[in-house]
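The chain that follows stands alone, in the form predicted alone, written as structure tokens.
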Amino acid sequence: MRALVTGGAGFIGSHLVDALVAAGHDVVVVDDLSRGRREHVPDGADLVVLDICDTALGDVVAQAAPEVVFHEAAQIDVRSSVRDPLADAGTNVVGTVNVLSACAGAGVRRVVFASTGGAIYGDTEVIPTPETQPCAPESPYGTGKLCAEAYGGTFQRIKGLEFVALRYANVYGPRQDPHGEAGVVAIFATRLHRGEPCVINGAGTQTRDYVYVGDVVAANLQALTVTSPAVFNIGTGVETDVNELYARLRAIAGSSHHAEHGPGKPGEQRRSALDVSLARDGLRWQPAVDLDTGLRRTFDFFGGS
């Protein structure tokens, strides 16, 4: 099979490209390298340096002639979306429409879209949250992903482009960027290795569903063959608050340093965990890596990076 991965030099995308190449697929990566790294693209994949909003994308997809496109490229920071919603929408909505248009024009069979399972639902008392829960995003990031899903559904109906949306929980693992505002596991792991103080936003009682990147890659591979394209939550169903997350990482690091607490951030949810029953039944997927194992792998990676 021939596949194209947008954002394939980035955190999740590069792991996905590794898995596709290892499985013997022909892979083209489209990445503007604003966050991705060229060295994360394996030798078996072709890299095209291009922004997904560029009008040249249609020609790139047509020339690559993929059967499936995995759309991982995105503006990923909730807080950045609050500060600059126009820029967020430019990448996550307009960029996605450009990808969908390019795919429809090139005769691509299926698009697998990296959506969000935390920000798209907003704060809800239904925990773990199923896909049937009404979406009420409280950040432009969540709104943009919801809008992109709607466009995907529209292209499926009017163009026959199969569209699978995977609503990721909080993905963590090796290669995550520790230098931005997103990616708390990578940030904590890096700072603990350096003996630097870690800061928790607010009281630290806000919960998230942390899913290991290898499990997310496995879900994407399962999305290749699912017979009924749909929307699937990809997480663990387990809530972990930030205080507990830090305590687990601190134990792995063998550190005695307590985290500092700063002010809370706008746009952050109080609770988040995803019901993955539909993915278990429809994708034949479920998470395989428990939190402590995943944190250990991530911590070890940043110790050697």
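In case it trips you up, residue 1 is the first one in the sequence shown, and so on. The structure displayed is predicted, hence computed values, not measured ones.
Form predicted together with nicotinamide-adenine-dinucleotide (NAD): not shown, discussed below.
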Using a 4.5 Å heavy atom cut-off, which stretch among 251-259, 238-246, 62-70, 27-35 contacts nicotinamide-adenine-dinucleotide (NAD) in the predicted bound form?
27-35
Even though the partner isn't displayed, in the predicted bound form is residue 51 close enough to nicotinamide-adenine-dinucleotide (NAD), meaning a heavy atom within 4.5 Å?
yes
Is residue 10 close enough to nicotinamide-adenine-dinucleotide (NAD) in the predicted bound form to count, meaning some heavy atom within 4.5 Å?
yes
Though only this chain appears here, would residue 116 touch nicotinamide-adenine-dinucleotide (NAD) in the predicted bound form if you measure heavy atom gaps against 4.5 Å?
yes
Is residue 148 close enough to nicotinamide-adenine-dinucleotide (NAD) in the predicted bound form to count, meaning some heavy atom within 4.5 Å?
no
Option touching nicotinamide-adenine-dinucleotide (NAD), based on a heavy atom within 4.5 Å in the predicted bound form, out of 141, 163, 121, 188:
141
Looking at 76, 112, 192, 103, which has any heavy atom no more than 4.5 Å from nicotinamide-adenine-dinucleotide (NAD) in the predicted bound form?
76
Within 148-170, which residues have a heavy atom closer than or equal to 4.5 Å from nicotinamide-adenine-dinucleotide (NAD) in the predicted bound form?
168, 169, 170
